[in-house]
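We begin with a single chain expressed as structure tokens, specifically the form predicted alone.
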């Protein structure tokens, strides 16, 4: 793609001046429309060292109210702390809110290209990372983001001249490092990798725009024209539905909730106490191994109200070192969370390697409460099954142990527990009017859960059903399942 790039004829200086004035005014005029439409705009600036990316970003943002944009200057490589999270983690943290711009002075491309040239990324690792980027860019676009990608192109001779000029001045010499010099010295090798990446990452909804950056004013004009064009089209199509993708992942078949027997799933107090003590000791030992071997563990709880999720979680955490785990209780999204891709608030809560995160409610709210309460469109929740599978596949490829529990009770058991909570003063905080309203929609929720289990119980992240009419039974089964799943990875 880069090797085949043919430069356009550069307009005259007078023409550039006239058009720059028009495009700057056009971008400025788009601000209010972007805010009103809730359109998040993500602009990636990549390219050769000294190609002028930073200078053009500086000129572009002058046309935008500072309240509506941020610039993310990403390091070429993750620091030691960031390396303990998935590859995409540090980038997804920076995605913009609805109605705002986020300009990236280099993004995920540079980390990959440097890794290939330095030999740190194998061919297979390169393919996996490009696939991950293609998936997240598609997800962002499908969820209403505009993703605009620019590659600033200059010749080897021009790059050498600019690096020399930067190094010659005391105030700019710090901007040139060994990596920049290396890139110019091995220009052809970098050209090959850049060309391969641009080709592999060129998508219809997030295409690459190659910017002729030899002339700085011409580079600014090209960026403004392509950016304004993208915003104009995105505003027209912002509420359009997008295709529902076919599932491509191997599935596990958990069956329907109505097929689950609850009557024979009980333990005596003596059996429970013996098993609880034994299993918690075993989990404590495994927790130490998980920490030592730097394995991330994600335990996700969903289930009926009053099914016993809280007590179940307590028996898991009682066995763990409190420094090695965190419990994330998930409620309705905060305004800054609601303004981003719905998976953003879960990406930002992931455990680092060697740690355990337990989610009390999860990203599956998208296909349950958000679906049934009308908090998202039908296209949104229908699309979410595949997006969630992709999210969990990314975590599995990273090396995470993913354990998903559905805590199951029957309708009579829920009513008895609701009534007990309502009539017991120290338990009344556990029951709300919303719980009673949700109970009225039991059949609708059961249908949604059955579909969720069918479409998201994958071979790499299957659902485990915890029969919880007897809470003791469910707690022991949860401990056994966590132990078994961690052992598989160890």
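These numbers come from a predicted model, not from an experiment. Residue numbers count along the first chain shown, from 1.
One more form of this protein should be noted, the form predicted together with a further copy of the same chain, which is absent from this view; the next part is about it.
- The partner is not drawn, yet in the model of the complex one stretch among 168-176, 270-278, 152-160, 94-102 has residues with heavy atoms inside 4.5 Å of a further copy of the same chain: 94-102.
- Taken together, the three residues 132, 204 and 350 all come within 4.5 Å of a further copy of the same chain in the model of the complex, as judged by their closest heavy atom.
- Although the partner is absent here, residue 398 is a contact residue: one of its heavy atoms lies within 4.5 angstroms of a further copy of the same chain in the model of the complex.
- Within this chain, residue 371 is remote from the site of a further copy of the same chain in the model of the complex, having no heavy atom within 4.5 Å.
- Though the partner is left out of this view, residue 111 does not reach within 4.5 Å of a further copy of the same chain in the model of the complex, counting heavy atoms only.
- When contacts are judged by a 4.5 Å heavy atom cut-off, residue 193 does not count as touching a further copy of the same chain in the model of the complex.
- Only one of the listed residues (106, 414, 143, 183) places a non-hydrogen atom within 4.5 angstroms of a further copy of the same chain in the model of the complex, and that residue is 143.
- Contact with a further copy of the same chain in the model of the complex, judged by any heavy atom within 4.5 Å, is made by just one of 325, 226, 344, 363: 344.
- Cα-Cα spacing of residue 394 to residue 203 is reduced in the model of the complex versus the present form (difference of at least 3 Å).
- Panel note: the distance between the CA atoms of residue 394 and residue 96 is larger in the model of the complex than in this form, the difference being 3 Å or more.
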